[in-house]
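Next up: just one chain, as structure tokens, the form predicted on its own.
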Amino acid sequence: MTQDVRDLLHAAAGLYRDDPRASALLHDCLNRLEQPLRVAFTGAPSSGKTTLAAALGEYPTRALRDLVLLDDPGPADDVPDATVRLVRHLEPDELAAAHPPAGSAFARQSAVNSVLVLSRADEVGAGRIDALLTAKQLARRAWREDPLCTGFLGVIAVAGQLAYGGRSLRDDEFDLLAAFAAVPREELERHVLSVDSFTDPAFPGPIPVETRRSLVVRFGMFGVRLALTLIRTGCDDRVKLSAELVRRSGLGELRDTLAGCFVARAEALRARTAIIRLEALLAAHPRPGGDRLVSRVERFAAAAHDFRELRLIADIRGGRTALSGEPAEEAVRLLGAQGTTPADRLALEPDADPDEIYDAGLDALRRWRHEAERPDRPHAERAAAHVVVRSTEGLLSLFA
């Protein structure tokens, strides 16, 4: 795919060789094909973009090491390849505003580069102790049932402040929280109902108001209450508490989604960005002979199977297909949701023998061809099976 895009960009560079601005744009597109994937965090003010980007970026994991995270870039700033869109509520007006501009036909067809995050998940249900669980249920339901969530690769509930605080939890902060947790529950309970009660001078013990306020700033009142509960129930050192706060924050699910949908598809998403920028150039500054390039772009778009795979993965996981249970799990795996190598797609060991991979691929191909040709299945289901067949055929072609 990258070579096809590179050829298109070189052809365009020849067409616009006398236009310095167009040449600079095309040169940038070519360079970007070799660079890390750019992922933008966008959303309304106070939605938690900076905090969430910091929680992911300041503590890089192997899965995300090849991403550049952009905190709310403006229209004139760096063009992102993928987007994490934050909303504070799953209300229709916020969801409608979270959708990107429609763009060209190719941009709409390949619009599989966005993940929606219900940020500040700890505020759901007035910040009750079950807020995160409720937020995850709401996010899951919205992804499955709300048409406004159809275009996203996932809808994930995350408490960004809790994630960042958990990942950067210091020894002195753990000691403070442990000291609070040691106060009898009935004595402490009324002082952790709100920020005002937690920072009230009547708070039991000698801990200064400023110190208590700093804990609220770092973790939020929900995070403080959760930390106290976790310490009382077994998280008796900083490492354990840090890990549990991060796990409950939803950051892990977001990280896995970005790894599966963005990192594994980095080549296709970078190619998408380049093609969309090329399309815009051809439309804004038409040149004699440009129609041939437009036709080549259209042929490229028609043949780009990665975007069909991503769309179908999102539809299956979002419950928008008839596939369910084991067939659905196998389909998303063959489509590359758990990795795009042949072994990943076929659930084989990384060092599997080529003959073993070929035999497993052929077996999968036979079964999915059967599903694609069943006259008793709805058209949409057979169409989904055809996409899986195309993916499996591509896998087998590597061993022909």
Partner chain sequence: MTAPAWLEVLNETLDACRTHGRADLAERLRRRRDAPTGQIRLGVLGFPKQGKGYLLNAVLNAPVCAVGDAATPAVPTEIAYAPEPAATLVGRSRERIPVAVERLTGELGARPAGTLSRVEVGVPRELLSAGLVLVDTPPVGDPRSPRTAAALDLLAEADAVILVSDATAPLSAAELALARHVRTWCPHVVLALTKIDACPGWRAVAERDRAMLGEAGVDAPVLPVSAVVRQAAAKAGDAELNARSGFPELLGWIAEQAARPPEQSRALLAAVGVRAAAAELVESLRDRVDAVAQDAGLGQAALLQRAQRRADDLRRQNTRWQNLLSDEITDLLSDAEYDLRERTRKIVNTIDRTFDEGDPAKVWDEFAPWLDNALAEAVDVNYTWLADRAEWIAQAVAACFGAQYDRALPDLRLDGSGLEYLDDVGRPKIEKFKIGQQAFTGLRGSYGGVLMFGLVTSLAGLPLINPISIGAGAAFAAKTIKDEGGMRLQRRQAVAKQAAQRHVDDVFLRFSKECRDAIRVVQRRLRDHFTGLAEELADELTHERETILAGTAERERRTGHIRREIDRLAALHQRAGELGTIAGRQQRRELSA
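Numbering follows the first chain given and starts at 1. Being a predicted model, the structure only gives us computed values, none of them experimental.
Although not depicted, the form predicted in complex with the partner chain is the subject of the following passage.
Within 4.5 Å of the partner chain in the predicted complex, a heavy atom is found for every one of 46, 88 and 128. Of the candidate stretches 251-259, 292-300, 308-316, 209-217, only 209-217 has residues with heavy atoms within 4.5 Å of the partner chain in the predicted complex.
Only one of 123, 71, 329, 146 lies close to the partner chain in the predicted complex, with a heavy atom inside 4.5 Å, and it is 123.
194 is the sole member of 324, 229, 194, 150 with a non-hydrogen atom within 4.5 Å of the partner chain in the predicted complex.
Among heavy atoms of residue 280, none comes within 4.5 Å of the partner chain in the predicted complex. Within 4.5 Å of any heavy atom of the partner chain in the predicted complex lies no heavy atom of residue 266. Put simply, residue 200 is close to the partner chain in the predicted complex: some heavy atom of it is within 4.5 Å. Remark: residue 108 does not count among the residues lining the partner chain in the predicted complex, judged by a heavy atom distance of 4.5 Å or less. Of all the residues from 243-270, none has a non-hydrogen atom no more than 4.5 Å from the partner chain in the predicted complex.
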